[in-house]
Ligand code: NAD
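Shown here is one chain on its own, the form predicted on its own, set out as structure tokens.
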Amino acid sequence: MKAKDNPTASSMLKKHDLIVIAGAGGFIAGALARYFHDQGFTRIRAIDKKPLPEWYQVTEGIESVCLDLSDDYNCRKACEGAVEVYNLAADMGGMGFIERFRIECLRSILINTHMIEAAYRAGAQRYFFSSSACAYNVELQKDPNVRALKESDAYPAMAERGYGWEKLMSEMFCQEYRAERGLHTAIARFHNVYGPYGTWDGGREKAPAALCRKVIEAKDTGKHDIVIWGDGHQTRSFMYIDDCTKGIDMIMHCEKLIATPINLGSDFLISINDLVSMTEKIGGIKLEREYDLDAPRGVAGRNSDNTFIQKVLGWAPSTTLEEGMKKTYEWIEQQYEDRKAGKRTVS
């Protein structure tokens, strides 16, 4: 597949145009801030409610601000002077967090409600919203051998409780701000993003990071067993962080994708059991498996149909899962060793 010559921030913005990134203390938005910084943009405002020492990445030369963006006034401060606004702020985590804290996930709708209005009032040219595959109809995800989800499968609506419904409603806000007020909005439905500089411990981590940590712990402690949530037959696709940031940039600047939800994810489907095996191979160890059938497990299967993104952009995420998992494992292993040595780590 030959990629088209897609417009990006570098081809459409001046290097001194102000880019605002919400949720930048988190995994994906933190990587996005570094992505734009590395391209030479000199005015990036990174915002998160967490204290700065708790951010996953802090990039030197970026304006880093601590604000709770569920508050309207803070959103107006955040968007002041913005040319582009990227809203990746949300209270969320892996499936354990999403299933146990549905109200917190739903309350993230306040962030998007206030941020899109603030971006519009500030005269921003473009507004990006990070949606999720959790917005898709759960009735289509009851079989591990699920067919890949295409964009139209979000309706009739039956999203993941809490988190998924917040995403679906926030997508509608983006579409209506385009229809009624002319704001250029972009919407990407993320499918399980993973990689270095992400959550790997503490309850918010997703499956790739959790499995890396468990394998590393098993090697370190000598307890050669691993607890797997569910029966291990659940299937997912996983997208490496570098593909995600590149995809965000292209989607944001594509005229054919204004106010149009689009999948941003890998279409390589793998079972949790096979992901465990891959992680064991990377760690050079074989573990006894224990299955916790009472643990949160989410839908039985979920995969991204990339037909639309390939048609429009001539591109789709392409980092192989094995390559991305090796990089993720190595980074988490270093974090684990640093924590043991009493050093500050991302968690």
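In this text, residue numbers run from 1 along the sequence as written. Keep in mind the model is a prediction, meaning the values are calculated, not measured.
The protein also exists as the form predicted together with this ligand; that form is not presented, and the subsequent description refers to it.
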{"query": "4.5 angstroms heavy atom contact with this ligand in the model of the complex for E84", "finding": "no"}
{"query": "Exercise: K167 in contact with this ligand in the model of the complex, heavy atom 4.5 Å", "finding": "yes"}
{"query": "This ligand contact in the model of the complex: K206, any heavy atom under 4.5 Å", "finding": "yes"}
{"query": "Residue contact check: M278 to this ligand in the model of the complex, 4.5 Å heavy atom", "finding": "no"}
{"query": "Which of 291 to 299, 278 to 286, 309 to 317, 41 to 49 sits within 4.5 Å of this ligand in the model of the complex, heavy atom basis", "finding": "41 to 49"}
{"query": "4.5 Å heavy atom contact with this ligand in the model of the complex for all of I103, Q141 and T235", "finding": "no"}
{"query": "In the model of the complex, the residue from L257, A90, A159, A122 that sits within 4.5 Å of this ligand by heavy atoms", "finding": "A90"}
{"query": "In the model of the complex: members of 67 to 81 within 4.5 Å of this ligand, any heavy atom", "finding": "L67, D68, L69, S70"}
